[in-house]
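Just one chain follows, in the form predicted on its own, and it is written as structure tokens.
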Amino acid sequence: MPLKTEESTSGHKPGSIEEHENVIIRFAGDSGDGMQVTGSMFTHNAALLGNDISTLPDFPAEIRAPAGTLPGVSGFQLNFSSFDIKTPGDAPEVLVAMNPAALKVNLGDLTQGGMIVLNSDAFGGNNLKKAGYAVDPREDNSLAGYQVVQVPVSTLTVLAVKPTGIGQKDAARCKNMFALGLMFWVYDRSMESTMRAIREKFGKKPEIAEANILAMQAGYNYADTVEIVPNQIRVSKAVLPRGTYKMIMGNEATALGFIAASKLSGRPLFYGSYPITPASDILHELSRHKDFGVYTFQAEDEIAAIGAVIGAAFGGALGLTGTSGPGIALKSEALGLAVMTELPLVVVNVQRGGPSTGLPTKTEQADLLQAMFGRNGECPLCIVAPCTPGDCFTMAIEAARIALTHMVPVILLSDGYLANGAEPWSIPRVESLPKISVKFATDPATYKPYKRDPETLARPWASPGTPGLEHRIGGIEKEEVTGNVSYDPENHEKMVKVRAEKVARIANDIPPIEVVGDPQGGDILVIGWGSTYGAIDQAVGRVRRRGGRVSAAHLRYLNPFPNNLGDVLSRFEKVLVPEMNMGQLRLLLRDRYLVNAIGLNKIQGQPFKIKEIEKKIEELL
């Protein structure tokens, strides 16, 4: 069925509305100002109106930074459009700043000439001081060149919600909905779906629901009355492929992908994890789906979590655990046990800035080498990486398929940008999903714990309790075929090579890498992995439209690499590798294929902007 849409309910005459192809908005304020809720509600509204969307939530790293300070600023950027987009945009055209700190943190990103909507009530002496302003920026010409709209948001909100009788504190919390109403009017949006969402969200507190709705309507009516912009702006719905769409975030898509893999394989899903930002939402989402045979376990630490998952995999379940980089470090010894015992399990690493505790709420791609080599001994496993929030669903299924087919642990490398970002996701038809066939050993006469499949080298999976299939298992080196403990030097070398070859043969079971642009070769190939996909794709597209001989390729399989990767790399004069790290994929490509790959590296806790990659391509051309 086609995407369901809502029509605008604006009463303005034709001619008072400007048509734009896309708009980039950033909402910013204190972490307690509800900016994530405001951005999410605008995003849902845009999705219902049929726009393509891409979002970038930006959470403060400190849990309770002092109100009004720079470290406490929370932001939400949304790009909504009438055409296909793949990033939340380089620079916002509109900044809604709820206090001076939000203005100071975000002003540098705003497009010159863009609109700034300020909560003028927050620009008092103390707030200015906490934000580091010696002089009010509204009075010293520092906002010259921008379209500044000052609205007493806090005061008007309290007045608007007064009929509900709620307390002053709860009334003040509704100011984010006032700001949302302002933006709904500016962009000619219907509020009906958002009103329904608010009533559903606060179903047990009708007075709070009514207060939020009144605040939103007050913001809309205020903008209409004073006409805060000369013309309203309309972004038409995007032309997307026919289908049933859902606005989805990366962590949600990951969880749904694992549930689908469980049903496709016929194996119960066991997810054991310890809460850690930004992976915790996977646990939260999976815990809501017990009706699908999902078992979730919040362990006391990372080590206990993966220990339980190894036990679940030994018992015949689809074993999953999720964490971020610091948790992977703690799981490393147990991951070695999973490699030694050759059990199928998936480990999700939603990467964040490091090292150590690092930047818990910011994104990074710096765990690739940790995933490749972060265990003692020769300890290879499979690594896959999604490229968009919706692709997290696909690659979660793929990670489970590879683990179950090849009897090998798989690391799924997501990151904070993908996990918290959102996009319209076309819900796939069940018949389009891959088949996952699982066979357990049942015959005692032929069963040997480490007898190999001739094609995949996978060992048989024996369900505990099957008569006659008792066998040894553990972290001590195994004897080939029998699985008995072995300290024989030649057997050890053989087993190390067999385990490596088993992972290498997965390359025969994955698709070749595809080149977007000129498959036969050219001046530059821009190759990336993970969440750099959107920025690379759009940067390469811009340069190609100007005649540049540049192409793009994206890796979703990182160990092993696709079989045709070396051939593809050899066709191009230069290879550019944009990464949110110091050059980890670049190092692997140089080592494996002896190409003089050029790095474009960013380690700021923020994703690449299109213009950053575009500029580097032009330099190389």
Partner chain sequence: MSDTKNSLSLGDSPLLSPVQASGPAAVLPEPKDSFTYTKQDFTSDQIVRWCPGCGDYSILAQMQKVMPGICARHKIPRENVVFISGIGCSSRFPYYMNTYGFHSIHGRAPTFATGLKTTRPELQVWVMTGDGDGLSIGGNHLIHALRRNIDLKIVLFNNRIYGLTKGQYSPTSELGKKTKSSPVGTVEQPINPLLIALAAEATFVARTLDTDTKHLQEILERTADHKGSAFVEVYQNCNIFNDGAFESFADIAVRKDKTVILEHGKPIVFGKERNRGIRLRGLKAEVVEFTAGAPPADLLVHDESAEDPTLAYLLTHLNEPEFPVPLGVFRSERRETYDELVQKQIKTAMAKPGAGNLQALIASGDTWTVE
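Positions refer to the first chain, counted from 1. Just so we're clear, the structure is a prediction, and the values are computed from it rather than from any experiment.
The next section is about a form of this same protein that is not shown, the form predicted together with the partner chain.
Visitor: Pick the stretch from 283 to 291, 140 to 148, 99 to 107, 513 to 521 whose residues have a heavy atom within 4.5 Å of the partner chain in the model of the complex.
Guide: Only one stretch passes the 4.5 Å heavy-atom test: 283 to 291.
Visitor: Does residue 470 reach the partner chain in the model of the complex, with heavy atoms at most 4.5 Å apart?
Guide: Answer yes; at least one heavy atom of residue 470 falls within 4.5 Å of the partner chain in the model of the complex.
Visitor: With the partner left out of view, is residue 231 within 4.5 angstroms of the partner chain in the model of the complex by any non-hydrogen atom?
Guide: No - in the model of the complex, heavy atoms of residue 231 and the partner chain never come within 4.5 Å of each other.
Visitor: Classify residue 575 as contacting or not contacting the partner chain in the model of the complex by the rule of any non-hydrogen atom within 4.5 angstroms, answering yes or no.
Guide: It does not: once the partner chain is placed as it appears in the model of the complex, residue 575 has no heavy atom within 4.5 Å of it.
Visitor: Spell out, yes or no, whether the shortest heavy atom distance between residue 195 and the partner chain in the model of the complex is within 4.5 Å.
Guide: Close contact is absent here: in the model of the complex, residue 195 is far from the partner chain, nothing within 4.5 Å, heavy atoms only.
Visitor: Could you work out which of 359, 85, 240, 339 is the residue within 4.5 angstroms of the partner chain in the model of the complex, going by heavy atoms?
Guide: Exactly one residue meets the criterion: 240.
Visitor: Out of 123, 220, 297, 202, which one falls within 4.5 Å of the partner chain in the model of the complex, going by heavy atoms?
Guide: By the 4.5 Å heavy-atom cutoff, the listed residue in contact is 297.
Visitor: Would the partner chain in the model of the complex be within 4.5 angstroms of a non-hydrogen atom of every residue among 244, 315 and 425?
Guide: Looking in the model of the complex, the three residues 244, 315 and 425 all sit within 4.5 Å of the partner chain (heavy atoms).
Visitor: Give, in sequence order, every residue of 263 to 284 that has a heavy atom within 4.5 Å of the partner chain in the model of the complex, or say none if there are no such residues.
Guide: Contacting residues: 263, 264, 265, 266, 267, 268, 270.
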